[in-house]
Ligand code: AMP
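There is one chain below, alone, in structure tokens, taken in the form predicted on its own.
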Amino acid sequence: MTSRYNEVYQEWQAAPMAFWAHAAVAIDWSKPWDKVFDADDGPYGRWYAGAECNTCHNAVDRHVQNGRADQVALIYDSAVTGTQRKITYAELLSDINALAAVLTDKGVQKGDRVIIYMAMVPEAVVAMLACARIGAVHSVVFGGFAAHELATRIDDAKPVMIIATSCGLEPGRVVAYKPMLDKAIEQAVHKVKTCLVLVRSQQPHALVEGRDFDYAEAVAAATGREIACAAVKATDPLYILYTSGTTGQPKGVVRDNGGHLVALAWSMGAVYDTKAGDVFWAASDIGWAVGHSYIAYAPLFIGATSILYEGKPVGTPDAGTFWRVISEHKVKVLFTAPTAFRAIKKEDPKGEFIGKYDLSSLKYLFLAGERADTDTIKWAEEKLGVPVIDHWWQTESGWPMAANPAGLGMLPVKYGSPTVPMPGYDVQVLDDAGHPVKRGELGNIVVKLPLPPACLPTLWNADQRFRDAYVTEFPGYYKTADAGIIDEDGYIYIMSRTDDIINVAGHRLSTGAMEEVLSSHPDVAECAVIGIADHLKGQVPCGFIVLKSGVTRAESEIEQDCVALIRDKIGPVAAFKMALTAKRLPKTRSGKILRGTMQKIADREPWNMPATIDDPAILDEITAVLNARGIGVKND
């Protein structure tokens, strides 16, 4: 198939307003827009100004009305509990109506905020859509976030209600949410007076009299009631999603209703080649942007079936669990983080589990959330026999900024590149002074304003903070805080976050490029490179490597191999002399490696336990690895 990408991208470039007006035809509007884009509203403008719509109607009601009532909308697959549930569009609508009735009865009104602090259960998606139905603004806080982190979000969003589960489930352990919820409410200045708690059998908890209500009982009592979809402005907020800020104060990324509907619906066909009736699986969590966009929303906008998975890529029960889900539910598209595949590859380097399942339904694997190293992509291509598409986007964008668009016909693959910018994104590379760099030169990746629909229009109640964080440094552009290059064919290469560029004796070097080399070693399952302070060179790189299961060679030999590899592929200029073997790397729950914290440990700087860390004990292991080489000191 010849790719239509160039034609479509040029169509957007030639007439951006007409392009997004045409894309908006796929959405049901209760009132048309006055302007496709209003440049005078907000820090850089707003999409579909004057229009009114409802996100829940577009995700559920219209499919029930148009013949998809009995089609499965959500498949809940809990590898932790061994249970499954299939929910049709009609059943989903009934559940949403019942919860919307409960919210309304308890005084939640249009524009009010509701925090959702839940495990990966269907009720979490129902809660998101019920809020959208009545025009309330939801803010999902990752289930299991510490009480202090939840409290900061309560104080920023000022919710009238919190919907929570009593616990979350991890392989081999139950994480009690209710005590953290109680502690957060106690700590927060803003006092939440109403909580709905879904009590799970694994962790029953006593409810606070007068404040807490049993979710299941309340919804059962309201089943059968119908609540009309509220007409909200396209520019009204649908949700707030908090992302970490450099000041320690989380940034509330705002997503609007109208632009979000248009761009996400468009992306399902153009980027993911997914249509109504297809089964789409984003193996993420609703606490992250991926879970919002591609579990709870985009698949439902087009009438597809979305999978809600509670489990891990390994350990629930083994490295074959992803293949089981694909086989049992006839998944067409899998979207996950490279970390997940590195974990699978580490446990099952030969891919022996893959042959045990029928994966004939799978047509594409999409990877995003961090850099996808070439070795992992090639392993997945070889073992699965389908296109493996690395693509790049951010919490702030809400949908892909760069991709190889499967629905428009794929372009030639270049390993290490998420391929090309999507319509709406004019991606450029600037030096620190804001001047364009030559093709192939490393610089700051920016996007010319305005950002397309679905991207954040601002931060919650913080327009000036939005300007300071994203648009002040490079006037007229959105700062992605990623560093990279654009080659002569227009392919984008994301090398690292701008704070992951290290300066070695005056040479700006990408730690991401070094990680690409280390990951090519046949014994290395995953790796991370950080810059360590050096009195002579300013910084020198240090590489952490995790070995594949079953490797019998001496760690010291493999470390020497890695040093030689960097010298060969990048050159002596990298001054790479330290490769350290670790059992595992510290990561956030979404799979991002905590390089910044590792660097602080190595540089003997004060550091705080990251709120998003998956397993705090790993930082002690990393500290011990560094200490064994005389680097860093233990955090006291």
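Numbering starts at 1 and runs along the sequence shown. As the structure is a computational prediction, the values presented were derived from the model and not from experiment.
Although it is not shown, the form predicted together with the named molecule is what the next lines describe.
Checked against the named molecule in the predicted complex, the residues D348, E381, E473, D482 give one hit for a heavy atom within 4.5 Å, which is D482.
This chain appears without its partner; in the predicted complex, the one residue of R324, H205, R497, K363 with a heavy atom within 4.5 Å of the named molecule is R497.
The named molecule is not drawn, but in the predicted complex it has no heavy atom within 4.5 Å of Y425. In the predicted complex, none of the heavy atoms of W266 sits within 4.5 Å of a heavy atom of the named molecule. Taking the partner from elsewhere, N503 is found to have a heavy atom lying within 4.5 Å of the named molecule in the predicted complex. Though the partner is left out of this view, R371 does reach within 4.5 Å of the named molecule in the predicted complex, counting heavy atoms only.
Between 195 to 203, 70 to 78, 386 to 394, 435 to 443, the stretch whose residues reach within 4.5 angstroms of the named molecule in the predicted complex through a non-hydrogen atom is 386 to 394.
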